[in-house]
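Just the one chain here, the form predicted on its own, laid out as structure tokens.
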């Protein structure tokens, strides 16, 4: 498991002392690819040298975003990009079901890699990448999974307080995401489980990652209930109706006795907060309201109903983007790892566990039973 202490710091956006230029190539210039581009052009000593996307309108979006940046080459085949650019770092922001193939080639090419979540659509594919990293002596290569919810400012404050012992020993983790339906993506790839891994892999790997990080333990079993009740039921693509879940409850049991609960609803955009994270320990409770950007801390010793509310401000130097500044902070941490020659803070094992929980949750829903995580860890 990754260490909370490394994440729960507030000097993420200070430029590194190492002033050599890191050259980036972006594979996939849809919504998240563009977010990475907007972040990277604002980071010192960073140069984008290549962008690849087989979808012409997406590639044109990247051209417009980079119209003032010199020396960028554009490709429609990622292999051509890898062969014809001198990139130090590659960012993969392509549909989920393409990750394992592209990441395999990038890793074999010796590039540092930031791969968008989920790592892959299945545990098997995640294990393929882990085996590649282990067997091919890629220890000096930073391979980082884009689970950037760790870096949202309210969440980071929660992680810091937990590490400080503010609420004592963590016992229960509850995460609620009530938000809007899935956005439209190129060729509607995100409407079908075969492409995404399923909603609880595609969307919820973020939250399962947070649970593992906070629990400081491995998941052992999952019990879930979910359905597709409202969204996309009147849509058809090549005659097929989307099969992605739009709501679920997921309970995760960890080796050390900590329990986690996810409450997901994707037709609840009429909400004050998109995400609410609540952690209860034996000495108190801490919660983060993400859209509201507020953290509340209550200590049992202070008595019934007592709590402190702390507004959390995002540093004005951070590019906000779609994730409240988390993507920018993630890039700063990633570059720190590359420049310092250390391992990724969010590595392949983290990506694996977040996918494993989601995959187990889908089995639990389909078969109406508790699923042991070992069942999906082939």
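Given the structure is predicted, the values throughout are model-derived calculations rather than measurements. Positions refer to the first chain, counted from 1.
Keep in mind the form predicted in complex with a small molecule is missing from the figure; the text below concerns it.
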query	finding
Stretch in contact, per heavy atom within 4.5 angstroms of the small molecule in the model of the complex, of 221-229, 112-120, 257-265, 282-290	112-120
Proximity to the small molecule in the model of the complex, single hit among 108, 185, 299, 73 (heavy atom within 4.5 Å)	185
Candidate spot 53, 99 and 189, all three touching the small molecule in the model of the complex (heavy atom, 4.5 Å)	yes
In the model of the complex, residue 155 touching the small molecule (heavy atom, 4.5 Å)	no
Residue contact check: residue 349 to the small molecule in the model of the complex, 4.5 Å heavy atom	no
Contact test in the model of the complex: residue 125 vs the small molecule, heavy atoms, 4.5 Å	no
Touches the small molecule in the model of the complex: residue 95 (any heavy atom, 4.5 Å)	yes
